[in-house]
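Below sits a lone chain in structure tokens, taken as the form predicted on its own.
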Amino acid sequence: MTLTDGGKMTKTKIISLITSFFFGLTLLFQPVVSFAMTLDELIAAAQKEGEVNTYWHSSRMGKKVAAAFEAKYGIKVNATKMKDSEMTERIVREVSSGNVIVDLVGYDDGPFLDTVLTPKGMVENYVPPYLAKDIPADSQKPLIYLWQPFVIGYNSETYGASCPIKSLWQLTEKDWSGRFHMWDPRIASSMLQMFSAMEDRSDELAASYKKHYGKDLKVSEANAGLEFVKRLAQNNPVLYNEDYEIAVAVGTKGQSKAPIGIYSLGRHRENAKKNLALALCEVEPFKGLNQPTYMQIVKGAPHPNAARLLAYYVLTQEGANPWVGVVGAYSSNSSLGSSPDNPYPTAEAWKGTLLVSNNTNVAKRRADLMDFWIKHSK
């Protein structure tokens, strides 16, 4: 470095160095797309990239959204349906190796997202600024794009207009031994999320017991939530890998003692397709679990602008319709409509009757809850 005036740099050189330094910082930290970018600018930037790669929890991204998005914007969507476990492995491996293939993911495992992927900087949370005012704050970080209720359901041909139980606690009674059908908690993380949420709201379970039976609940576990899980496990529930099978077992017509089950609300579509008789149990204190699905951009995404545009599109009515246009799901965008066949018009209208798990609590309790279930299962 050339120095003058007794070892001091000249004013011109200082200015030049400062300018170069800040220009370098600008290049280093410049975001792929500014949050101040207009939608038209984002569309143009995305179209230059030409394609976007997704790993998604649902086949509807590839079967329905991809073609509509390409027709609208001229951008190809390469969509791969994956289970959470495989998606997690792919994200971690790609980001860790620096060889990132995927751009945008639709991901169900909130506990792993909140406790591993986000803290390690493996994903970017992007809330489209053009829609942010319509997305509730508690659905923005991390961004939830879809709510899918898992509900307690019964056979309306067998039992008529009313569910044969009024309280969840009845599922632990002898009369319903072997007649409650559910996902296997050893396979379906959603059941462990439900158990964790029951712990969080155990006071309501205890109050519901007293309301139904007229006496206080005798608890031998740490809380009423665990007490319910233990009694349910001991009452011989029938376990499944897929909820389609649960829906068929519950809803098939011609049964004299049809079981009750928990399955995704979207299975009510099978009433018309498969001639089933599924109906929602208006049971206390909870009608089921509201399962969120998250949408995240993966760190180092090769097509980040196209990923942002697709994230925006999926939160519009057109992009959300493959899910919310039929019974079973609600967009986190509160301005969008949902299927008239849903029991309630919006996710908010369920008013706390669906359990929602806390991701941090589930991450802490998942292994213990699994062991607890296995211990008490017959």
Partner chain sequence: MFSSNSTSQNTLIVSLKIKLSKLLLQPTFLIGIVLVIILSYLVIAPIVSIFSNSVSLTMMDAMLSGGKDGEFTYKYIDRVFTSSISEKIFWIPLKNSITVSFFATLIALTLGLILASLVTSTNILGRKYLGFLLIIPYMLPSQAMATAWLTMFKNRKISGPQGMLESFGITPPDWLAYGPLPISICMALSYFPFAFLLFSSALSKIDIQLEEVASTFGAKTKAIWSKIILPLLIPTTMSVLLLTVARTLGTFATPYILGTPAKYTLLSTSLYSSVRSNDSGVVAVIAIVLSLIGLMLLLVDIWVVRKWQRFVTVGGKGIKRQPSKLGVFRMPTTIFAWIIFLIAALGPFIVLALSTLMREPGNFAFSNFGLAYWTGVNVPGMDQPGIFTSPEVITALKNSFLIAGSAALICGILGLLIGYAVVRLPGTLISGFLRQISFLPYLMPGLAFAAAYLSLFAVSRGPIPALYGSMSLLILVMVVTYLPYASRSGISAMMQVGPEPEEAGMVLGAGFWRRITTILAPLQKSALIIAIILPFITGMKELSLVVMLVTPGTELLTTQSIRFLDFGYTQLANATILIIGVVVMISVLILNRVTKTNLASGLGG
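Positions refer to the first chain, counted from 1. Because the structure is a prediction, the values reported are computed rather than measured.
Another form exists, predicted together with the partner chain; not displayed. Remarks below refer to it.
- At the 4.5 Å threshold, heavy atoms of Glu245 reach the partner chain in the model of the complex.
- Looking at Trp169, you'd find every heavy atom of it more than 4.5 angstroms from the partner chain in the model of the complex.
- The closest heavy atom approach of Ala71 to the partner chain in the model of the complex falls outside 4.5 Å.
- Although the partner is absent here, Lys63 is a contact residue: one of its heavy atoms lies within 4.5 angstroms of the partner chain in the model of the complex.
- The stretch in contact with the partner chain in the model of the complex, judged by heavy atoms within 4.5 Å, is 81-89, chosen from 204-212, 278-286, 136-144, 81-89.
- Leu239 is the sole member of Val219, Leu131, Cys163, Leu239 with a non-hydrogen atom within 4.5 Å of the partner chain in the model of the complex.
- In the model of the complex, not one residue of 279-314 has a heavy atom within 4.5 Å of the partner chain.
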